[in-house]
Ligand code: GLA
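So this first bit is one chain, no partners, the form predicted alone, shown in structure tokens.
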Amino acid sequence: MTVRVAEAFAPGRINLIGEHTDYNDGLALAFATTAGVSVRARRLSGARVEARAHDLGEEYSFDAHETGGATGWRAYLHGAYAELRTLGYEPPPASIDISSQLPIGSGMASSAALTLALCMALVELSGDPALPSLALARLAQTVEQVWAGAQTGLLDQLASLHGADGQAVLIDFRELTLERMPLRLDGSTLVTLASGEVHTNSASGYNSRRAECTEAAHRMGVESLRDALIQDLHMLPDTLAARARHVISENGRVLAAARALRDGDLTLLGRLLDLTHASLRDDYEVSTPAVERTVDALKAAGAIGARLIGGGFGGSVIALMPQGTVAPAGATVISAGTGAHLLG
């Protein structure tokens, strides 16, 4: 039966800990947010796609088979149509309404949420069987890499797809296994605070950091930095050694954070957040003065731990605030929500 209207929702994600590990076959501990991106797609006759990004107040129209050089949110539309066709789907011309609750460039995976919601709605609209979650995650990753120019891993997509209310997801990116665990904070809260600098993976140093990790692994003679050892960093020049040191130590911090959550040890969890931020700042060099001011403001307000989230070079900071403290003005309390799904 022909589907005339399809609606989908994909949440953003917060990476509690485990930054820049996904494309190094590493580990991360993340959760889906309650806010996200909604897409409503309605079939149209003819060959045109007519799209509206309501939060931006922008419109765009193109031929469904056009593969022109669009940028920004428009590139994701072209990419979704083109990449779905490579998988044998034939997404029809449609009127597409996009509504987002996620601030762009905040480090909360708004682009991944857009891509997932868009692909889910278009598959439903085509009347074909839904994609399995891993295939959908990889499809959305390809759209980001090929059409938006950001060489992302699978963190954003997997966390968005596999989120559950009140739970975090421990992800092993080598084995592609996921373990859910309660996000128990015992009266403390997680908050985010924008740094005032917009983060964009494709326009920042994100791609160069990924290339540096690949080069470091090659020089160390390992398949990925997941296999690298701290004691072998002497084999690398200083910059590559710093990048590798972050990845290796971050994987250890992820496992320690998972234990801290299981044990209810929020003091340790906060300490691990601080250590991750120091590593991102000093070894991975993805912080900025605006991000540092934001971390300092949260720590001054009583945060147990605080760190930048996302790829870096701007975006937001996450902090663990103990019960009874007041976060700075502009901070948003966040909690774990459900994963991406069709509406209706």
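Numbers for residues come from their place in the sequence shown, where the first is 1. Everything numeric here is computed off the predicted structure, so don't read it as measured data.
Below, we refer to the form predicted in complex with the named molecule, which is not included among the displayed structures.
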query	finding
Proximity to the named molecule in the predicted bound form, single hit among 100, 192, 195, 152 (heavy atom within 4.5 Å)	152
Interface stretch in the predicted bound form with the named molecule - options 233 to 241, 152 to 160, 219 to 227, 259 to 267, non-hydrogen atom within 4.5 Å	152 to 160
Residue 81 within 4.5 Å of the named molecule in the predicted bound form, heavy atoms	no
4.5 angstroms heavy atom contact with the named molecule in the predicted bound form for residue 315	no
Contact flag, residue 36 vs the named molecule in the predicted bound form, heavy atom cut 4.5 Å	no
Contact test in the predicted bound form: residue 147 vs the named molecule, heavy atoms, 4.5 Å	no
Heavy atom within 4.5 Å of the named molecule in the predicted bound form - qualifying residues of 252 to 272	none
